[in-house]
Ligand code: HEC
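Here's a solo chain for you in structure tokens, the form predicted on its own.
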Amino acid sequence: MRDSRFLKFAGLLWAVMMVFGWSGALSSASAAPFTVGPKKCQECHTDEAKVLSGTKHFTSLKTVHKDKRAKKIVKAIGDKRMKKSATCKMCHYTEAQKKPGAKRKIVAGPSCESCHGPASDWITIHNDYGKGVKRATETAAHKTERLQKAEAAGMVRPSKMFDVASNCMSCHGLAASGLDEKTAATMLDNGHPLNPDFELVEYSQGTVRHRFYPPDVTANKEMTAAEKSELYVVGQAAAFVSASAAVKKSSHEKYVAAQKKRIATATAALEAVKGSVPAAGALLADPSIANGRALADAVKGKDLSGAVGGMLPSKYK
């Protein structure tokens, strides 16, 4: 009798969980996506890997903790080593694991997944060119379907440039969601840099540029003036959303000043295009992620060089 009552109770509890969506929340929490490390990407993207190897992101794995400011900052936030600090690992390193629940290990500095999202849920989909088919012989239809499925599984593709830019801004704007006000203030007070002038075109079209697209997948293509202008606006949209949220979470004078400068720079860019792109006005009125994505979609393929060409950097990092 007791077992019968227990089974009835268990069944009722499960039904309630299903009604309120608890089972979905539990399953998603237990299967959170994780980073697999850049080696998985480099198996196919060899040219992109060569570019990465020549960047500060790549060399930082062995150098960033040697910066004369590093020990002071790490000690100030209550940690002993940079590579053991959860705060530092948010932006300065790539941690990889082989399977859900496995031990995480630092394998690189900022790398592929820092921009394109944790790959555990999408890398197999992304690498599936079809049964018996190689990358070079994949049909256009299969490629479109494959990339759409990878994106649905969490891949942040260049076609979703606002999201890529947002990933850059979260670290370069000292605005990562996991970074609390007190820790950010302590980091700044002990010499951690915060560059309010970080701008996407300047930093993405120099040493880190990796634009290997068909038909010549070996050529690292430079952007046209129109493409740079579009990227500039999307980058400023991401900066505007990032800084607008960050400025509200701190009263630290230096932090607030930097975020306000980011907002001012982005506002100028958005004001310059809002006459021809109404989505820019909507974003200025409400700096939300949804409005940022809407703006990125609205400017896709547009030549905005007449409006923001004079704002573009003259050289790249």
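Under this definition, the rigid core comprises the largest set of C-alpha atoms superposing within 1.5 Å between the forms. A residue's number is simply how far along the shown sequence it sits, counting from 1. Note that the structure is predicted; figures quoted are calculated from it, not measured.
This next part talks about the form predicted in complex with the named molecule, which is not shown.
This chain appears without its partner; in the predicted complex, the one residue of 263, 272, 64, 282 with a heavy atom within 4.5 Å of the named molecule is 64. Only one of 99, 135, 84, 182 lies close to the named molecule in the predicted complex, with a heavy atom inside 4.5 Å, and it is 135.
When the named molecule is considered in the predicted complex, residue 113 lines it closely, a heavy atom lying within 4.5 Å. The named molecule in the predicted complex comes within 4.5 Å of a heavy atom belonging to residue 40. When contacts are judged by a 4.5 Å heavy atom cut-off, residue 52 counts as touching the named molecule in the predicted complex. Contact between residue 57 and the named molecule in the predicted complex is found at the 4.5 Å heavy atom cutoff. The putative spot formed by 162, 304 and 312 is not touched by the named molecule in the predicted complex; no residue has a non-hydrogen atom within 4.5 angstroms of it. In the predicted complex, the residues of 70-104 lying within 4.5 Å of the named molecule by at least one heavy atom are, in order, 70, 73, 74, 77, 82, 85, 87, 88, 90, 91, 92. For residue 133, a C-alpha deviation of 2 angstroms or more is recorded between this form and the one not shown after rigid-core alignment.
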